[in-house]
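Okay, here we've got a single chain as structure tokens, the form predicted alone, with questions on binding and movement later.
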């Protein structure tokens, strides 16, 4: 026993045990319990198996939820990745002291509590007191139904999510850029490479793994987003902007059908599992190539 306790692996296990118990209590147990709930009837008295999942797949509203969730997540993550990549390059080109100032300013949207900032956006989109419509009226342009039309409501959701999440991409990509050796850019310049060639053959290959991991993390968080949709549209108009989290809340908590709400929330699991598999497989393949 004394020899076992002296092993580094044993010491590491006991040091990690509080975190393992915390993850087990707050993540693993609720996940297993959600799967159990999703297989019960509305009164939670009988086991119905996959009946709740089959019932959801027959509803046209839930088909719209799946489409909206994928559209919201993919569009938002793509916009955040592109804007974050551009901002990271701009920050990387600014001298040190000025870079710290601009970096701090650009991180403000990510630091401000999401519920508070979303309320600010909701006021700017409000049909009666919209700051954007007031500005458009100054140029003689008619009012836009920002949250009253399906297309505009989806645009507003994606815009707010992009505004909130782009600074996270920026700071991650900026850290990756700073880790790229300057000798590689100097060698590319000597070989006559231009800015686009450096981006394609030096920057992107060195940043591919951090780009993949950041996109995966943001995809998971965006799919599970609740605050933005709940505050801005609450799923409206006519349930056309619901995503998995808000729809599960509506039918599970507000309508009282907890098993059906649990089943709706679990539908994002296979989508994220497939995305995680391909992204992480690409990261592992590139790691093996670099090691070889």
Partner chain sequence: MFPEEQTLSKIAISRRAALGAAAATAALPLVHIRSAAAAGRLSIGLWDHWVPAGNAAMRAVVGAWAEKNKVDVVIDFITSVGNKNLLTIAAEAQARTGHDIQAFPTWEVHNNQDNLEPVDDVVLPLMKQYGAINPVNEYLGKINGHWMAVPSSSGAQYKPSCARISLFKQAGLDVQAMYPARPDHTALADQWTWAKMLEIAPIAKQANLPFGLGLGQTTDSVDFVGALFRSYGAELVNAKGEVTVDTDAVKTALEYMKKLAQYLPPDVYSYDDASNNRALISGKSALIFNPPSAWAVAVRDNPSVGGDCWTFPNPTGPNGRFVPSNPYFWGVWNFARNKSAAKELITYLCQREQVETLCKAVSGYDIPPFLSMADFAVWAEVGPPTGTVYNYPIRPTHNATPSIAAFPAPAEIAVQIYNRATMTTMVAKLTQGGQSIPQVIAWAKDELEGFSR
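Residue numbers count along the first chain shown, from 1. A quick note: this is a predicted structure, and the numbers were derived from the prediction, not measured.
Form predicted together with the partner chain: not shown, discussed below.
The single contact residue among 189, 78, 209, 149, judged by any heavy atom lying within 4.5 Å of the partner chain in the predicted complex, is 149. Taken together, 122, 230 and 242 are fully in contact with the partner chain in the predicted complex: each brings a heavy atom within 4.5 Å.
Contact annotation: the partner chain lies within 4.5 Å of heavy atoms from the stretch 141-149 in the predicted complex, the single such stretch among 214-222, 141-149, 196-204, 180-188. For residue 37, a non-hydrogen atom is located within 4.5 Å of the partner chain in the predicted complex, even though that partner is not displayed. Contact annotation: residue 32 falls outside 4.5 Å of the partner chain in the predicted complex, judged by heavy atom distances. When the partner chain is considered in the predicted complex, residue 60 lines it closely, a heavy atom lying within 4.5 Å. In the predicted complex, the partner chain lies farther than 4.5 Å from every heavy atom of residue 46. Contact annotation for 165-181: no residue has a non-hydrogen atom within 4.5 angstroms of the partner chain in the predicted complex.
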